[in-house]
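In structure tokens, the next block holds one chain alone, the form predicted alone.
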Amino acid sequence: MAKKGILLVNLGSPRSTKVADVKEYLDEFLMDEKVIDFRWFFRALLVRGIILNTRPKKSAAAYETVWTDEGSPLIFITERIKKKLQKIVDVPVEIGMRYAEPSIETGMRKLTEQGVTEIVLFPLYPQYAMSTTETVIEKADEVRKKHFPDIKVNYIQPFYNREIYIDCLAESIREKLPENFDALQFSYHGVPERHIYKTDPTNTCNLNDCCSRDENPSHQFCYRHQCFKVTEKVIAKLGLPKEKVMVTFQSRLGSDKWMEPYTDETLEGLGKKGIKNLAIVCPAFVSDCLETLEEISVEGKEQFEHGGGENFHYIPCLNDEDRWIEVVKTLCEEKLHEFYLV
């Protein structure tokens, strides 16, 4: 009889804050054609010829500001999710990272060593993007074919519009939202605009009205639409007026056009618009990491205050909140059940 297991997959992290380790991590990350989608020669020219000669030292310093005795926040938070989930499901649970260790291959191997032959793989990204969900699935399929050809893998799809997730996120925000705030900013990780066009199977996206339509075949692959849909559903649950909410996109790299408006530029201008008390949340992430703990809660705060803002309140990710673990359990059990139906 087939034995089932769960593999939780997150982005990944350097092994340490040493420049060499950060450089190794960035090389694997940025050389992924789903992240920087240039042809190999031009990607290598950009990454290995320019970025890796300048960025690792700066990134290592940034990682040092968030590193703890447990190591990388992203890794140990994902490990905590795994441990809590393992207590409430009756199948083995392991973790894997798209980049660096523990890798997807490591996670699959740990499961197969426990006799698992059918794996539910959960990319821990609420929204679909070629640089997140798509690259995880492609990498996992590559690893499976090469090293574990006899196992079956069932993938959990983006859950941005699932009510159990929206309820969970809304309640988490509600508990952490300060009483007096002028605006709530939803800051999502940005992607180059060309990524949106590349993942559109209809070839009709214009980064304008199609995202706001009720139904569009491209929506299941449109990161931009899914970010706006999460925001729309959460503020409806919270009962917030739309004029107190904004959506922005962070973490752009290079000079290409990325999705707008940009988080950093928005933060710098809020004070002049009379927004003195700001709350900000990052729903592209389920686990706090460098992009939330350093880029937003440290750099973002400085940008907001430099522009005249006064009170900056970062709302943490879902991390290992019990309500989120229950959502993970439900989504995993749905896919586990599908194995029985095959």
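Each residue number is its position in the shown sequence, starting from 1. On a predicted model such as this, the values are computed, not experimentally measured, just so you know.
Although not depicted, the form predicted in complex with a small molecule is the subject of the following passage.
J.: Under a 4.5 angstroms heavy atom criterion, identify the one residue in 248, 131, 172, 199 near the small molecule in the predicted complex.
T.: Going through each option in turn, the one that passes is 131.
J.: If you check 144, 82, 195, 110 against the small molecule in the predicted complex, which one has a heavy atom within 4.5 Å?
T.: None of the other options qualify; the answer is 195.
J.: Within 4.5 Å, heavy atoms only: does residue 29 come near the small molecule in the predicted complex?
T.: Contact with the small molecule, yes.
J.: Using a 4.5 Å heavy atom cut-off, state whether residue 189 contacts the small molecule in the predicted complex.
T.: Yes - in the predicted complex, heavy atoms of residue 189 and the small molecule come within 4.5 Å of each other.
J.: Any chance residue 304 has a heavy atom within 4.5 Å of the small molecule in the predicted complex?
T.: Outside the cut-off, so no.
J.: Tell me, yes or no, whether residue 153 is in contact with the small molecule in the predicted complex, where a contact means a heavy atom of each within 4.5 Å.
T.: Judged by the heavy-atom cut-off of 4.5 Å, residue 153 is well away from the small molecule in the predicted complex.
J.: If we take heavy atoms and a 4.5 Å cut-off, which stretch out of 38-46, 287-295, 273-281, 312-320 is in contact with the small molecule in the predicted complex?
T.: Of the options, only 287-295 has residues within 4.5 Å of the partner.
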